[in-house]
Ligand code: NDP
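Next up: just one chain, as structure tokens, the form predicted on its own.
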Amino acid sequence: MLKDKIVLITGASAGIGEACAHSFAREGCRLILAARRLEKLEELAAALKTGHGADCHTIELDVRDRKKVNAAMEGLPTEWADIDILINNAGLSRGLDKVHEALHTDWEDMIDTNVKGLLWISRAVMPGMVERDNGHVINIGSIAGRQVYPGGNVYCATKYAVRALTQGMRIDLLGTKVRCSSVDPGMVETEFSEVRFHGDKERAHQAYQNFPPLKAEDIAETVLFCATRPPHVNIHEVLIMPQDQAAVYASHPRGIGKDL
């Protein structure tokens, strides 16, 4: 169903983006891998070629930079230009500070990446999908786009924005055959917490010790599910949580290594 489809994944160098690359490569897709860490992308592309025979095109890209996003998309080789699936995965969180104590630079990182970055990429890619009357935009949201938690203020606001933008995209695309979905995870163990805590690995590690979190592969397989439905089906939203997390603020402290 997806063989030879061109899939663009932002934030592909690690975590959910990297896992999505493996899942879609397994299905025979051609992958455009975009992220800031080119060396990581090239290592991933080599692994996908070896493991799945996947054809990959890598782009060193910071989605926060609109001009570079536009240049990257306009500069795609002809054989890579007709993107079938866009996975808007690039995103981050910074800090757990109260609004009156937070760093404005943390806010800018989150807003510029999670909201504006998603918009810049979508604006560059979606016109081609509409023109061809075919395509699928899959945004990686979060439970934080549905529930606000202490210290989550601005990060939650950006993910609420992603949810609103996803709904708006679906309305704007009505009448075309371009689909738009959102996959909204609860706690997933990736580099997310390490980025949030500015590289504090120990603090990041502790974030995942209360109960078994989701894995990046769990989210990637859910994204793949959305992309493989029949053309008349559009999965609007998927909320996926660890078994021991009922809400962003309600979980069962089972601990790691205990029976699931």
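If you're wondering where the values come from, they're calculated on a predicted model, not measured in any experiment. When you see a residue number, it is the position in the sequence shown, counting from 1.
This protein has a second form, the form predicted in complex with the named molecule, left out of what is shown; the following refers to that one.
- Residue 159 belongs to the set of residues with a heavy atom inside 4.5 Å of the named molecule in the model of the complex.
- Although the partner is absent from this view, residue 30 stays clear of the named molecule in the model of the complex, with no non-hydrogen atom inside 4.5 angstroms.
- By the criterion of a heavy atom within 4.5 Å, residue 135 is excluded from the residues contacting the named molecule in the model of the complex.
- For residue 182, no non-hydrogen atom is located within 4.5 Å of the named molecule in the model of the complex, even though that partner is not displayed.
- Partner contact region in the model of the complex: 82-90, out of 123-131, 98-106, 82-90, 172-180, criterion any non-hydrogen atom within 4.5 Å of the named molecule.
- Residue 63 is the only one of 48, 227, 63, 220 with a heavy atom lying within 4.5 Å of the named molecule in the model of the complex.
- If you take 35-59 and check each residue for a heavy atom within 4.5 Å of the named molecule in the model of the complex, you get 35, 36, 37, in sequence order.
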